[in-house]
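Shown next as structure tokens: one chain only, the form predicted on its own.
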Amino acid sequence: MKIVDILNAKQTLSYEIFPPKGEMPLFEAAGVSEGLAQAHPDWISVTFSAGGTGNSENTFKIANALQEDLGVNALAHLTCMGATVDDMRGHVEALQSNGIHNVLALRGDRMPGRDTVDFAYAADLIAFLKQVAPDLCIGAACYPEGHVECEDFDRSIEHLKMKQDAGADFLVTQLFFENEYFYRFREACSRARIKIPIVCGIMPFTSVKQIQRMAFTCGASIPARVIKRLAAVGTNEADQRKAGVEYACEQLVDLAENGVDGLHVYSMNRVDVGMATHDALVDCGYWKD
């Protein structure tokens, strides 16, 4: 089923997993998939690596297994950093042979020795996919605080409009820790005539190191109340994880209450974290299995 059709019908709940790297067996990803499937999500997205870590092929295998074995809609990530047109044609063939109808089209992170080739921006990839595989449902990334490589927020919105115009069917945000940033972003999208559904991506932080790393990598701001919570729990890792999951649940409930199109949890392959967010939404009446 196309994800955009689900989004047009209801507020959604979804999760993200990432495949094992290198030669690791797939049973770990299968276990995570089975665990998260208990939450009856509208879809589960599977990340893609084009940086030589060896899990690109696993993305499509896991996405296929989600649909065939668990009956869960799969959203396969696809990045174009360093890719040629021929590379992308091969990926499209792999998507189609695995029965995958939903893809999240991304440029991908820059890495030493690897730069764009035939696709300078994600919008270029989206336009290509719409041309060669018009039946694909295409999602794109968006950035409530602006892209980390773009200092001009308005310019970031312009690039987002280009993704919509290229054929993106829906958007998924980068993680954020302050909901007000998203509400302002949503208003900016409306002013720019970006009309496709926007799914909110939330990552429950599980340690001080993790939130520091993600904030530096993604450019996400850390609110003062998050810092105060972490200071209150001290150095105990279990307490840090509990505080992070509780904060994410509060974010999700507030977003649901404010009528966002969808909720997407970056669960970092942790079933317990994913289920905690599910239970919080059920308890507050915003999600029914």
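Only a predicted model underlies this, so the values are computations on that prediction, with no experimental measurement involved. A residue's number is simply how far along the shown sequence it sits, counting from 1.
One more form of this protein, predicted together with flavin-adenine dinucleotide, exists but is not displayed; see below.
**Q** flavin-adenine dinucleotide isn't shown here, but in the predicted complex which of 98, 179, 174, 206 has a heavy atom within 4.5 Å of it?
**A** The option sitting close enough to the partner is 174.
**Q** Which one, 93, 109, 118, 165, lies within 4.5 Å of flavin-adenine dinucleotide in the predicted complex by heavy atoms?
**A** Here the answer is residue option 109.
**Q** Within 4.5 Å, heavy atoms only: does residue 141 come near flavin-adenine dinucleotide in the predicted complex?
**A** Contact check for residue 141: yes, within 4.5 Å of flavin-adenine dinucleotide in the predicted complex.
**Q** So, in the predicted complex, is residue 79 in contact with flavin-adenine dinucleotide at a 4.5 angstroms heavy atom limit?
**A** Output for residue 79 is yes: heavy atoms within 4.5 Å of flavin-adenine dinucleotide.
**Q** Can any non-hydrogen atom of residue 192 be found within 4.5 angstroms of flavin-adenine dinucleotide in the predicted complex?
**A** No, residue 192 sits far enough from flavin-adenine dinucleotide in the predicted complex that none of its heavy atoms falls within 4.5 Å.
**Q** So in the predicted complex, is flavin-adenine dinucleotide close enough to residue 130 to count as touching (4.5 Å, heavy atoms)?
**A** No, residue 130 is distant from the partner.
**Q** Please determine whether each residue of 15, 40 and 137 possesses a non-hydrogen atom within 4.5 angstroms of flavin-adenine dinucleotide in the predicted complex.
**A** No.
**Q** Which among 207-215, 184-192, 82-90, 148-156 is in contact with flavin-adenine dinucleotide in the predicted complex, heavy atoms within 4.5 angstroms?
**A** Every other range fails; the passing one is 148-156.
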